[in-house]
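Quick heads-up: it's one chain on its own, the form predicted on its own, in C-alpha cells.
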C-alpha cells in the first residue's frame, strides 16, 4: 500500500496586515493577514525549510527522488531542486528535478509520487505577489510544503492512498509571461462557470474508484487560486457537515503551488485514525486525492506544526518594507560596494559547508571546526605535528545554539537594516559568528536560543548566493 509517510508545511515568520495595504493606497481590503517570505527567502529556501521538517520526522527513509514544484522558480536553465538536494545532504543517487511552472504542478508531483515506486520527496513552494493593491497581492501568500511518499515497506504510513480522480480542460483562467511580476486574469464569471463542473467530475471519479460516498469524507480540502470557484465547490452539497477544512487563507493567504500540501500537512497533524481525507485542487483542471489515515497518525509528533507556525507569525511588517522586499519600491542602497558573484569552483569545493552547513570535528579531542578544517587545530596551532589526524564531518544544520554576543550594523548592505550579527555557541561545542534573521535588533539578547535556517545572502549577476543564518528558536521548542 502506498501513501504519505511524512508531511510538513513551512510558513514564513512575517505577516502583512491587509489593512496596511488599504491604509497606504486608500483602497478597501479584507481583514486578516498574509504570510510574507523575508527578503532573504525565495521558493528554494522555502522548499528547503519544509523538506527539513519532513526529514526530521522520517530520517531513516532516503528518498529515491526529489521533485520540486513551484510557479516562481528562481532559475531557468538550472535545476532548482539541486540546491534543495544539497541542503538536505541527500546521496547523489537521489534524482532531483523540477516539475514547475504552474500551480497545478504541485498536486501533479504528488500524484506522480503516489503512482511510482520507491520513496519520493515532493517539495512545493511559492511566493505569490501582484501589482500593488491587487487581489493577488492582498490575497496571496508565501509558504513551502513537503511530503514524503512511499509504501508501508518504507515505514508506517500516516495516510494510505484510497483513490484519485482528475478532470482536465483547456480554458483561459490566468496567465503570466516569464519575467513578468504579475499574473493576468480572465473575467471572473467565465472562470467560475468552468471550475465547479470539473471539480464535480474529479470528485465523482475518485469516489467511484474508492467505492465511497462523498458524505463519508471526514476532511475535505478545497483549494485553488480562483476564489469564487473555490467557494462554489465548497458550497456544493454532498460533503459531511463540518468536514470542510479551513483553507487558512484569512491568516496566511493563498500560497499557490504550496497550498495543497500545506493544508494536507495541517490536516494530518490533527486527524484521527481511519478517517477519509479528500484534497480537491482547482488549477487548469481539477484533481482529487482521497487518503485514509492510519493508526500511525496517533504517534505523529511533528517538529513544528502548521498551526504553531501560524500562531507565531509577526504582523508588524510595513507595506513599504513589503514592497521593497518584492523589488517594487526602489530605495536608496547602502553606500557600499556591490557584492561579488559567488565563485562556482569555490562553492563546488565547499558544497557540504556552504549548502549543508557541515563542519568538522577532531576525532580525538572532539573539538569542532566551523568552517571545517581537514586537519585539527588547537590554540591556533596544527594539532598532531607533522602527522595530524584527519577530521570527521560534523553536520550542524539541526544543532541549536545560544547567542554569546551580538552587534547591530546600520551601514551594511541589507533590505532590512540594521543587520544583526551574533557569535553563537552551539550545543555540544563549537562557536561561529553569523547573521541573525527573522529578528529585530532591539529584541536580541545574550543567551537567546537560536536555530540555523537556509537563506539567501545576496544576488550578484543573477546568481544567488545561499548560506545559513540563525533565527530565534520558538519558545518551548527543543529543536
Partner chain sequence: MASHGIRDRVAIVAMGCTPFGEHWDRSADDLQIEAVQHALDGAGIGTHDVDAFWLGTAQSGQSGITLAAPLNLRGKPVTRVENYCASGSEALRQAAYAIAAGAYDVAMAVGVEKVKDSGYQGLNAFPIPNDGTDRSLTAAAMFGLVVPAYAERYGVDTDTMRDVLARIAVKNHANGARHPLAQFRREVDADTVCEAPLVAGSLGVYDCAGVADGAAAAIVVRAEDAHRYTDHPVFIKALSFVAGAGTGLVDPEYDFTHFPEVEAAARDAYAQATVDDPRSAFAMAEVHDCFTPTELVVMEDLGFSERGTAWKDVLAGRFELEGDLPVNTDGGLKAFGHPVGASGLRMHRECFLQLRGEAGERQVDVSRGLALVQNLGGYPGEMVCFASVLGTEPDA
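Residue numbers count along the first chain shown, from 1. Nothing here was measured: the structure is a model prediction, and the numbers come from that model.
Beyond the structure shown, there is the form predicted in complex with the partner chain, which is absent from this document and is the topic of what follows.
Using a 4.5 Å heavy atom cut-off, which stretch among 23-31, 38-46, 425-433, 64-72 contacts the partner chain in the predicted bound form?
Selected range: 425-433.
Taking heavy atoms only, is residue 338 within 4.5 angstroms of the partner chain in the predicted bound form?
Result yes; residue 338 sits at the interface with the partner chain in the predicted bound form.
Within 4.5 Å, heavy atoms only: does residue 311 come near the partner chain in the predicted bound form?
No - in the predicted bound form, heavy atoms of residue 311 and the partner chain never come within 4.5 Å of each other.
Report yes if any heavy atom of residue 115 sits within 4.5 Å of a heavy atom of the partner chain in the predicted bound form; otherwise report no.
No, no contact at 4.5 Å.
Using the partner position in the predicted bound form, report whether residue 185 sits within 4.5 Å of the partner chain, counting heavy atoms only.
So residue 185 does not count as contacting the partner chain.
Of the options 172, 408, 251, 320, which one has a non-hydrogen atom that comes within 4.5 Å of the partner chain in the predicted bound form?
That would be 408.
Between the options 234, 404, 89, 205, which residue brings a heavy atom to within 4.5 Å of the partner chain in the predicted bound form?
In short, 404.
Which residues in 340-365 have a heavy atom within 4.5 Å of the partner chain in the predicted bound form?
Those in contact are 340, 342, 343, 346, 347, 350, 353, 354.
Work out whether the Cα atoms of residue 366 and residue 383 come closer together or move farther apart in the predicted bound form than they are in this form, the change being 3 angstroms or more.
Compared with the shown chain, residue 366-residue 383 is farther in the predicted bound form.
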